[in-house]
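Only one chain is included here, represented as structure tokens and corresponding to the form predicted alone.
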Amino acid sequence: MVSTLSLDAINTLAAMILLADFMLVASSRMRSLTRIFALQSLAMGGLAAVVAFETGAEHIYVIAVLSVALKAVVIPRFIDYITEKIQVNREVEPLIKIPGSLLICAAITILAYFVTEPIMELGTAITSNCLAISFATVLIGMFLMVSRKKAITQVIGLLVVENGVFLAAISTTYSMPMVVELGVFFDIFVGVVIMGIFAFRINRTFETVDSTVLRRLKD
């Protein structure tokens, strides 16, 4: 039997993850983006730890610790290092103004709840209520990728998508097999390193990491 305390903790941490999504959309400073992403990843790791405690799945503890270490500490520090090197402190202007972006994200969240409601009603997992938030997180991460101009902020969007996928795995199956999870963490870390190097080289070549400028090179 799942304790009320654990259910409250899961719901609270899931709400923090969704709140972090909106804070990411509302933020325009790189350092704030990395800090908010780190807090979201910390909440994700905490949620995974609660699930591990309630289900007795010890491998989820390992995944929770790796999630916190990699996505709440290592990757944010690496992104901060890159942004300091290329001197990107502010996302000058998103393609869609922040108030409009927040309205779009609110619509995305409502859509996610509408789409996943039939699944949640049939679910028996203690995290079934998190499925809508995981779907919303994936969609909001994609929105961040297409609505921001700076390549570095688009990397943050990709990482948010991965957090949403991780939450979906926890919500539906109490995490993927450990080998798969380790492979995903490794791929994400290598991907962020490669994209950071690309952003650094792009900035040195074109003196900007504004992706809208790069698109004009096709013309």
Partner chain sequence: MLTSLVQTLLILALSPLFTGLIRKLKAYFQGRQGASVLQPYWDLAKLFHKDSVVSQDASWIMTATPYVCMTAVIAASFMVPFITTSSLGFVGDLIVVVYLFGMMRFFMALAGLDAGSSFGGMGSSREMTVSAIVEPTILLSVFTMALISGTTDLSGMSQSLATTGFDLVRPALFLALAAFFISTLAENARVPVDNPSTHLELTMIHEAMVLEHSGKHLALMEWSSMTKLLLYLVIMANIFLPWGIDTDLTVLGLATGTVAIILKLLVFSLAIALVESSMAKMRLFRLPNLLTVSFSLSLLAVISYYIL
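Residue numbers count along the first chain shown, from 1. Predicted model, so just to flag it, every value in this text is computed and none were measured.
The next section is about a form of this same protein that is not shown, the form predicted together with the partner chain.
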{"item": "Answer option from L102, V74, V115, I96, heavy atom within 4.5 Å of the partner chain in the predicted complex", "value": "L102"}
{"item": "Listed residue (A69, L39, A57, A26) with a non-hydrogen atom within 4.5 angstroms of the partner chain in the predicted complex", "value": "A26"}
{"item": "Partner contact for T109 in the predicted complex: the partner chain, 4.5 angstroms, heavy atom", "value": "yes"}
{"item": "Any non-hydrogen atom of A132 within 4.5 angstroms of the partner chain in the predicted complex", "value": "yes"}
{"item": "Non-hydrogen atom within 4.5 angstroms of the partner chain in the predicted complex for each of V160, N163 and L167", "value": "no"}
{"item": "Interface residues of 55-74 toward the partner chain, as seen in the predicted complex [heavy atoms, 4.5 Å]", "value": "none"}
